[in-house]
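Have a look below at one chain only, the form predicted on its own, in structure tokens format.
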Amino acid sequence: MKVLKVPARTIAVFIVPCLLLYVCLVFVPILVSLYTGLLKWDGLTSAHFIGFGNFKEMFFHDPVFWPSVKRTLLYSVASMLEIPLCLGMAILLNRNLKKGNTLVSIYFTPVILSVVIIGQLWKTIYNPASMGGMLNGVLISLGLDSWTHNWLTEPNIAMFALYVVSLWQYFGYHLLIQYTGVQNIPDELYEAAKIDGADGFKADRYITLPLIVPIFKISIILAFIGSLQAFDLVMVMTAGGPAHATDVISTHMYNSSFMSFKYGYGSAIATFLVVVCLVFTAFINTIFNKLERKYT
């Protein structure tokens, strides 16, 4: 049965312009970046075609590239760790609070703040105690002087300090997504389960978790892919330092393109990042599609 009784031409009039705009803004830049990655070009003077020379240098001769890939993947994995916590908190808020929306809105506040504001705020928190750093000041007041660090200038610690900021910033974002998903589950299902003796955690196991899988997938994809593209927070807080200890793929691409004037090489890194995002998106979708079919 045809639900839409609208001529195909009319549908095309509305769809084609948006589709062309999407192609021009998304796919054309990707293709241009791929082509530019085959050039030796500083972005200003004439370019020279070198084939896969930039990719060869990237994979085999760049000492910064593979560590930045590792840090980016760890960043992405770390960003997903809070999502099960957000789901658990969403379930508790929906069950125990009648006006949980207010609390969720409060948690959402960091998401609407500028990344520059967040970066400067946490740089102040991470500062040494002599510069008024709150974290080190609290540790000293508790007698934990040995726990104090130069959080953003010690290579072994700086990246973990960024993880904390990212988790704090997006906690409310994922909490809102999970809370909305939990709220949309019909109450009748829980009432019927309660009659059958399934309540509390048991009801969550057999009702909430299976029905929340599509929403959970959205959070996972947004967290993982968003972290693969992490750039602004890292640039504001550390700019990839100290000594490339916090460089991720995006910052390495930026530094190569605009600081070292290796625009072709930066485009090759950008192409690699696009491919990684597509591969992991397909991988995550495949896993969750199997889960959805299992619980449907």
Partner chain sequence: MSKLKKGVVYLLFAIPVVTQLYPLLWLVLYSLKTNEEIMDGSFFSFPKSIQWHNYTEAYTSGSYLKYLTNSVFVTGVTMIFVILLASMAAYAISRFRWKYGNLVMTIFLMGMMIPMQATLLPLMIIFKNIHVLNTHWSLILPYVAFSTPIAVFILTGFMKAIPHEIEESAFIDGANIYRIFRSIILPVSVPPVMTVCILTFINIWNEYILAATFISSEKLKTLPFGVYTFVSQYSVNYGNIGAFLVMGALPVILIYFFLSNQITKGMVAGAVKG
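Positions refer to the first chain, counted from 1. The shown structure was predicted, so the numbers you read here are calculated from the model rather than taken from an experiment. We call the rigid core the largest set of C-alpha positions that still match within 1.5 Å between the two forms.
The protein also exists as the form predicted in complex with its partner chain; that form is not presented, and the subsequent description refers to it.
- When contacts are defined as a non-hydrogen atom within 4.5 Å, all of Lys5, Val111 and Met134 contact its partner chain in the predicted complex.
- Look at 153-161, 189-197, 89-97, 204-212: in the predicted complex, residues with non-hydrogen atoms within 4.5 angstroms of its partner chain sit in 89-97.
- Taking the partner from elsewhere, Phe216 is found to have every heavy atom lying beyond 4.5 Å of its partner chain in the predicted complex.
- In the predicted complex, none of the heavy atoms of Thr148 sits within 4.5 Å of a heavy atom of its partner chain.
- Though the partner is left out of this view, Met58 does not reach within 4.5 Å of its partner chain in the predicted complex, counting heavy atoms only.
- Among residues of the shown chain, Val182 is not one whose heavy atoms approach its partner chain to within 4.5 Å in the predicted complex.
- The Cα shift for Ala243 between this form and the one not shown, taken after rigid core superposition, is smaller than 2 angstroms.
- Once both forms are fitted on their core, the CA shift for Phe60 between this form and the one not shown remains under 2 Å.
- Shown in the overlay between this form and the one not shown, fitted on the rigid core, is a CA shift at Met259 smaller than 2 Å.
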